[in-house]
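This document starts with one chain, in the form predicted alone, laid out as structure tokens.
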Amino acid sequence: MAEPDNVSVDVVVVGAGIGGLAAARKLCAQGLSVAVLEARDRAGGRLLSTSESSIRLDLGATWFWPNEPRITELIKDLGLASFPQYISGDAMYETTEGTQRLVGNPIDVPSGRFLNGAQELAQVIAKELPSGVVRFDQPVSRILATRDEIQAHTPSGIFTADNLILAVPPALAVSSIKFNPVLPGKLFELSKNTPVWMGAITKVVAQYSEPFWRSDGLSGSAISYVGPMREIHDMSGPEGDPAALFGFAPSMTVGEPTVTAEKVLDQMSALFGPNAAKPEQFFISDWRQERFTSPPGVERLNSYELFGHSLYATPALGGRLHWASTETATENPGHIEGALAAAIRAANAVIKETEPPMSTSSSS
């Protein structure tokens, strides 16, 4: 059996989603040593894209918006390609009384998409970071803070630092990590009850040979009060290649089985016609089952007013523990932009802690 690693760095970051990686990028640029501990075998967290298409399809985060400066700047810095979301044409509306075609598309607003999938954001940053910074298959089971340091314990060893950034959903952190000392009562209760953005959602993606709905003058967008998907959007690439639709199916009951392909395709056919029942590829991504994203019973968490709570901006455990998931952001929580805002806040707090105090001099 291999000897456990005992690693000392300036900062430990828990989670290699976009928040954790963006924080690490900023810290490394300041010359600090960083270890990013990721429980999965991949970078991205809730940024997850397929690899089966010439244009990758997003099973997690999909969009960014024009009024989001951080993600816009990051895309430019990384040299990534993007294109506008397709929103032209009419939308569909579904109730228990049937389907209705709406004039125009009141559902969507102008937004951007990532040419090679949203996960590319995380993958490019992970590759750009110094060798050895990002460590996969490292689920953190314990965080121990003392007067002098803070430690993250994983199956392979102990990672010791001056500061630690938690870049995972707070509810996941408190359900899967043992804190010593325990988190203050108000912070623990806040973390336990803060929803995981999209954590109780199943995302469905259907890829087709062509965007047939566009020929019918439809945008590919729909709102439904019947389900199983409550909203649907176009996920096609530029010029409609590859052609795809995607939708969100919420789960309101703990342990409720996820949607089936049969029910989804029945709904798609009712909305967009018989061609919708003939996808070339079909993906069902139930984020409740992602144990490194969603804690057990994630469906119960619905107090979205807890997003961006002021306690998340205050370092805990003697000032060594910082929060950097999108749920903790005061701006655009739930978006990629929110994760970047939280990451920058946490990284700046750490950098401020590591700066030497200003010296004072007196004249004799």
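This one's a predicted model, so the numbers in the text were calculated from it and none came from an experiment. Residue indices: 1-based, along the sequence shown.
Although it is not shown, the form predicted in complex with a small molecule is what the next lines describe.
Whether Ile18, Val140 and Phe292 all lie within 4.5 angstroms of the small molecule in the model of the complex by heavy atom: Yes.
Heavy atom within 4.5 Å of the small molecule in the model of the complex - residue from Phe159, Tyr86, Trp197, Phe272: The option sitting close enough to the partner is Trp197.
Among the candidates Phe248, Phe188, Tyr225, Phe282, the residue which, in the model of the complex, approaches the small molecule to within 4.5 Å (heavy atoms): Spelling it out, the residue with a heavy atom inside the cut-off is Phe248.
Partner proximity in the model of the complex: Leu301 to the small molecule, non-hydrogen atom cutoff 4.5 Å: No - in the model of the complex, heavy atoms of Leu301 and the small molecule never come within 4.5 Å of each other.
4.5 Å heavy atom contact, Leu265 and the small molecule in the model of the complex: Output for Leu265 is no: heavy atoms all beyond 4.5 Å of the small molecule.
The small molecule contact at Arg46 in the model of the complex, heavy atom, 4.5 Å: Although the small molecule is absent here, Arg46 would touch it in the model of the complex, with heavy atoms inside 4.5 Å.
Contact flag, Phe307 vs the small molecule in the model of the complex, heavy atom cut 4.5 Å: Taking the distances in the model of the complex, the answer for Phe307 is no, it never comes within 4.5 Å of the small molecule.
Stretch in contact in the model of the complex with the small molecule, which is absent here, among 237 to 245, 91 to 99, 207 to 215, 160 to 168 (heavy atoms within 4.5 Å): Careful reading of the contacts points to 160 to 168.
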